[in-house]
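Single chain ahead, by itself, as structure tokens, in the form predicted on its own.
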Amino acid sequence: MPLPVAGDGLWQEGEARAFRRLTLAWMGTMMFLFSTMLLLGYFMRLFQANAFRTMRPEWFYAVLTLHGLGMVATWFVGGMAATGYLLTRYSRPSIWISRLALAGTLVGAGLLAAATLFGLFGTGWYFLYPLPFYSSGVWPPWATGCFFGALALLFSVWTIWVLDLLRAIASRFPLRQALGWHVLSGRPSLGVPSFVLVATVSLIAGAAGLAAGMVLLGLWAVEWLRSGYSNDALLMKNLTFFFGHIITNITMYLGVGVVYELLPGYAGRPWKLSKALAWAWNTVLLLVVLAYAHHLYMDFAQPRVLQDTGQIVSYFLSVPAAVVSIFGGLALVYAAPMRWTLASWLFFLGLMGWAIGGVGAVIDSTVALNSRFHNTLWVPAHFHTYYLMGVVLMLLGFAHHLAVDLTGEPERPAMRHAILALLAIGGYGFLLAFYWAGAHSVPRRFAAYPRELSQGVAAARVAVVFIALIVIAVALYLWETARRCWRAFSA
């Protein structure tokens, strides 16, 4: 049944229709941004395959910056929009704040595109201090201001959005119930869905990450406005990776929460809030704010205790979130009367990709191995695994579920099989080229590889073949899903 449901005591018919249309607008925005960022990623691998020999390398780094920030932003807002929509089953998120977030996201994306594609701002998503201030003539000062203006706008509207969803949860469930503490003490679940637990953990952590991002931008602004003032580089790097690591992780958790809520409908079984689930996600809330330290192993000025914490927490973080969810998902599906649609397959394959990427991440977070893999293509390999083949599939599954739910238009099995096959073959072929190059010490962030690193060129040439399959799969998916979304939006 389409959500939000008019007449259930929460929503009037006009409000319900408006929220559905807004969510469809979010899904359309998500699909447009994803398609654009996918083509930019294709451009980068073609560049590394020496397809653009005469093009300035500054273009590669500008696109790298836009692709990195743009992809994370796309799936963060996609996860937030999906979470907000599913929360309408239980509470009343503000439609006006969601509209504000949509407007701010579109303007922020435009500013990022201007800074990178017109200003050639090319620091990477991490914009490490003090690089944005020292462009060596590559990008003009206005591009730096445009870039940080975009981040300030995005962080502001996203923070308001996160707080509103937390308010909506709190209006129905006290915090101790939303976090499952009553289940930990042996009491009944009191009707709290497992989705609400995952959403609460994700939103609390997201608020912490965005707060760190706002502090980081404030420190950048102080140095920009006050002549002669300089920030501590190690503090700035800690804030950058604290913010970045949390936002990327909670984006995945939001996608997992969507699977918790919707996959049981295809399996004909509930995914109940159990004591194991409550323990797992409360542990995630504690550990996710500490795991970022594994990005700073090479910063030898960092206190040793933070370095040790990075490895220990990274190991423990993989157990509660991934293992409980993976075994829970397998138990849910096993011997169930499953309805295998495009959406349910994408949910299931997304959990699988999340698990595989998590293994690659744990390998990279091991100090002895990180010293080998730290600045190689192994890093984008594991990241793209749990993003492209993890949360991306989960949220594409949500968009398709929503489109079919609102239009009632049946799927075409042949098209479903083609999309899934192309995504699986293209996605994992593309990722294997990354993993192989990383295992052979091919460095990342190179626009063009010299003769001594010819393995990087070979891996890129293999990758572009598989990316072409992904592009075809996404085009077919858009034909099946975007047209349904438009039909539902126009109805």
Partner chain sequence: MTTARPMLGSVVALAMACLLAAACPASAQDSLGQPANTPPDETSFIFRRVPDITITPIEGSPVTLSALGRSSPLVITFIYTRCGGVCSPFLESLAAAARQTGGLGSAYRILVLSFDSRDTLADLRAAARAHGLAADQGWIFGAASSPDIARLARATGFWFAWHWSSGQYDHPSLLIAVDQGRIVRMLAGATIPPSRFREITDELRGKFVPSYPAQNRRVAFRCFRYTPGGGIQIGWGFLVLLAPGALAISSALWIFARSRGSAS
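Note that the structure is a prediction, hence the values are computed from the model and not measured. Residue numbers count along the first chain shown, from 1.
What follows is about the form predicted together with its partner chain, which we do not show.
The closest heavy atom approach of residue 184 to its partner chain in the predicted bound form falls outside 4.5 Å. Within 4.5 Å of any heavy atom of its partner chain in the predicted bound form lies no heavy atom of residue 103. Under a 4.5 angstroms non-hydrogen atom cutoff, its partner chain in the predicted bound form has residue 238 among its neighbouring residues. Interface membership of residue 200, defined by any non-hydrogen atom within 4.5 Å of its partner chain in the predicted bound form, is confirmed. For the candidate set 276, 221, 170, 415, a heavy atom within 4.5 Å of its partner chain in the predicted bound form is found for exactly one residue, namely 170. None of 211, 217, 404, 95 but one reaches within 4.5 angstroms of its partner chain in the predicted bound form through a heavy atom, and that residue is 211. Of the candidate stretches 259-267, 293-301, 73-81, 381-389, only 293-301 has residues whose heavy atoms lie within 4.5 Å of its partner chain in the predicted bound form.
No residue of the trio 15, 25 and 147 has any heavy atom within 4.5 Å of its partner chain in the predicted bound form. Residues 163, 166, 167, 169, 170, 171, 172, 173, 174, 175, 177, 178, 190 of 162-195 are found to place at least one heavy atom within 4.5 Å of its partner chain in the predicted bound form.
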